[in-house]
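Given next, in structure tokens, is a single chain: the form predicted on its own.
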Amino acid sequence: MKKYITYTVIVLTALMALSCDGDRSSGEITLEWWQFWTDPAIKPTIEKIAADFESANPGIKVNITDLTWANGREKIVLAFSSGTAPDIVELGSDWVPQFSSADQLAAIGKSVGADTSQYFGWSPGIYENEIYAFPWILGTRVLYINRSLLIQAGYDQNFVPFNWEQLTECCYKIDSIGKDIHGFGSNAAEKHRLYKKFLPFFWSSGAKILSDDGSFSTIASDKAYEALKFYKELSDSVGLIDTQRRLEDAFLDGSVGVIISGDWLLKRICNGGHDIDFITTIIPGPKYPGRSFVGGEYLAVSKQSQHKAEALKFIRYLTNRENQLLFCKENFSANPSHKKAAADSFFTGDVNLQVFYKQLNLSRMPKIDEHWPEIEEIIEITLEDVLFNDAPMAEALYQAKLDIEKLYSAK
């Protein structure tokens, strides 16, 4: 009787284990992938790449879950903390340190180390000399100028502002064309967007958020003050203040002359049938061409995943030259991480995409820091107070310095 009971327990335990891991019992593995590309124009390409991977790898399925930039990071944080993280997760470049420092991502350096020279943009995926995330699609922002308004303002059709003085003069002259014309598009208080419009001027001035050794914040420096003063004066005097999407609408409608935007606006212009004569150029600095904000989409494997090898196999498939070219051509993305993809004639033969390529080489990523999401929020609150609530600039920057330094003193 005891032997019978013991045998029954063993059988039931085995059956329960199989039922809890159905994909293994059926010989099929399902990879859960959380990603942010939900635009109907590009989602079919994402699904095609996943389907092609499944065809090339019988026994592996990819289940895609869509996230939004509005609350995607919060959902990812919750999933990791609750032990329900997907096998593969797409992360913004400035989010990676938060998860790698918390020991929530699988180390992939041994598997991809030999191929790092083939890709741009590894630094955000590296924490304490180990690789935790694979660069996929990079992105920066450039200056867009309405050429028709530029000519009406008295400029040559090929003029581009080289420094802050020329940019200011250009925006003022365009703004003076008529009451319904604005010289500059200035971002409203949008999460994850406002600070990306200010940081190009901040970095171009030579300002820094943290000291080189990370021991204190330098955000309240004279250079930071001058950058904020320049941006606020441009915004207050000739700026149309609105959301990113509405600023782009206004640019396409011919009611704003100069805006800062990414390659997604090229896609709108090319695919939307917009009749607009425009120029793209590098964001100006105080005296010389300036820096811009660069970020990107990174792919990481959860440390919780039971299928790490298969997950990494899918990441390498998604980021290979052919699939990056397919994605970029369909989405009109300017900056693939694969170097051989970036050398394709699709990019080298387009003057606007080349501007993005040049700007990328003059751009900066935020400091690789686990506190970056909190620093980003502090910067955005500071900008909102100064730009929209008329807070004194020096006091606001000093408060930002104190708030940033609290993040490190709390360790």
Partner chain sequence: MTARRIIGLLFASPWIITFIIFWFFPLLYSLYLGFTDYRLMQPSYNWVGLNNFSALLSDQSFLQSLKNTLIFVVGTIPVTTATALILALLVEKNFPGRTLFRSGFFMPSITSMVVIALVFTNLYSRGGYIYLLAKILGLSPPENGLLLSDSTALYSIMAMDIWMSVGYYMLLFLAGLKSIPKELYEAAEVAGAGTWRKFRSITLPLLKPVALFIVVINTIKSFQVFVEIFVMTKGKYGTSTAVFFIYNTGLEYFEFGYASAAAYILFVIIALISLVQFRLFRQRSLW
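Positions refer to the first chain, counted from 1. Predicted, not measured: the structure shown is a model, and the values here were computed from it. In this text, rigid core is short for the largest set of C-alphas that superpose within 1.5 Å between two forms.
Unshown form predicted in complex with the partner chain; subsequent notes refer to it.
E380 belongs to the set of residues with a heavy atom inside 4.5 Å of the partner chain in the predicted bound form. In the predicted bound form, W164 stays away from the partner chain, with no heavy atom inside 4.5 Å.
Remark: R73 counts among the residues lining the partner chain in the predicted bound form, judged by a heavy atom distance of 4.5 Å or less. Within 4.5 Å of some heavy atom of the partner chain in the predicted bound form lies at least one heavy atom of A189. When the partner chain is considered in the predicted bound form, only one residue from A107, V77, I177, L326 comes within 4.5 Å through any heavy atom, namely V77.
Interface residue among R321, R147, K313, R246, judged by heavy atoms within 4.5 Å of the partner chain in the predicted bound form: R246. Residues placing heavy atoms within 4.5 Å of the partner chain in the predicted bound form fall in a single listed stretch, namely 234-242, out of 326-334, 234-242, 281-289, 169-177. Heavy atoms of no residue among G121, Q354 and Q359 are located within 4.5 Å of the partner chain in the predicted bound form. Scanning 371-385 for heavy atoms within 4.5 Å of the partner chain in the predicted bound form gives P373, E374, E377, E380, E384 in sequence order. Fitting the two forms on the rigid core leaves the C-alpha of L252 displaced by under 2 angstroms between the shown form and the other one. Relative to the superposed core, D156 shifts its CA atom by less than 2 Å between the shown form and the other one.
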